[in-house]
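The chain below stands alone and is given in structure tokens; this is the form predicted on its own.
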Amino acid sequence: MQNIVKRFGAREVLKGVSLALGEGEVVSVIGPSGSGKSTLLRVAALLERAEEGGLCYLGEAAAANTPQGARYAPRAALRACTMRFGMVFQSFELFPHMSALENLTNAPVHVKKLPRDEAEAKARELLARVGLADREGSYPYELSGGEKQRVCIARALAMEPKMLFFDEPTSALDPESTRGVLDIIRALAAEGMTMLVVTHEMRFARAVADRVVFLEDGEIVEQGLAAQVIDDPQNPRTRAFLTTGL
């Protein structure tokens, strides 16, 4: 991400943010409410378009940074970019009329054109991986919040992404469910999955992230190794946030 500017009306939510992820790197984005964390992630996931800036995914350009503003690539090129990452939302975003198994197989069948039996076999493997082998026939309304989020992670993995984006994946969960979801993310990190994680879980960020980015009022105020930023922040605003949570 290069010099990303995102506006909603007259309000500038992101003010020239640049951020790069290396292969296998886990980056956590922290900061107060309203700082632009979720907007940053939505721009990265091509769910929002930036007014200015450039975006590139593993050599595939999605938007070029031009004097006239962000110039986005044609739809086919954008689709090629979206095939390289998966997104996990804080509000789950599961299809309510589909079972857990169907939520996992929908995109592989209709987007990647996998044979249904192959997609279902892969989906069952992923549901077992997140501890939900016995819930493949359950609909979202029959699942707890933690189970829904684990289905969401499995659904993202079903597309075999090169990187994953998480938007506060535990914000709606109780402590026990939070631990289960964070354990899955830890396992993915250990396997070398590239991840950008917006989170308010500081202990998780310190333990799992390679790098922590502190966002304040649409700008990166501080970034560095996770332990350094969280244990010994250099910027007074970062220090105040980590001390008071404000």
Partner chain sequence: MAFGTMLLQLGGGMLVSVLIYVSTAVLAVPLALPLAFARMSKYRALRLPSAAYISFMRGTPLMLQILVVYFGPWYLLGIRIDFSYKLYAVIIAFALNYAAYFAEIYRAGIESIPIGQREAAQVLGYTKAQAFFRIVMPQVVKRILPPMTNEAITLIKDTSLAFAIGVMEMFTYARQIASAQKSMLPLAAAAAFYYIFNAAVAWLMGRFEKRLAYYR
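Residue numbers count along the first chain shown, from 1. Keep in mind that what you see is a predicted model, and the values were worked out from it rather than measured.
FYI, the form predicted in complex with the partner chain isn't displayed, but the following is about it.
Peer 1: Tell me, which of Ala207, Leu47, Leu58, Ala187 has a heavy atom within 4.5 angstroms of the partner chain in the model of the complex?
Peer 2: Comparing distances to the partner chain in the model of the complex, the residue within 4.5 Å is Leu47.
Peer 1: Can you pick the one in Leu132, Leu114, Leu173, Ala107 that has a heavy atom within 4.5 Å of the partner chain in the model of the complex?
Peer 2: Checking each option against the partner chain in the model of the complex, the one that comes within 4.5 Å is Ala107.
Peer 1: Run the contact test on Arg42, Phe85 and Arg155 with a 4.5 Å heavy atom cut-off to the partner chain in the model of the complex and return yes or no.
Peer 2: Yes.
Peer 1: So in the model of the complex, is the partner chain close enough to Tyr72 to count as touching (4.5 Å, heavy atoms)?
Peer 2: No, no contact at 4.5 Å.
Peer 1: Please tell me whether any heavy atom belonging to Met98 falls inside 4.5 Å of a heavy atom of the partner chain, as the geometry stands in the model of the complex.
Peer 2: Within the cut-off, so yes.
Peer 1: Is Met159 close enough to touch the partner chain in the model of the complex, meaning at least one heavy atom pair within 4.5 Å?
Peer 2: So Met159 counts as contacting the partner chain.
Peer 1: Just to confirm, Ala123 within 4.5 Å of the partner chain in the model of the complex by heavy atoms?
Peer 2: No.
Peer 1: Sequence order please: the residues of 122-140 with a heavy atom within 4.5 Å of the partner chain in the model of the complex.
Peer 2: Residue within 4.5 Å: Tyr139 only.
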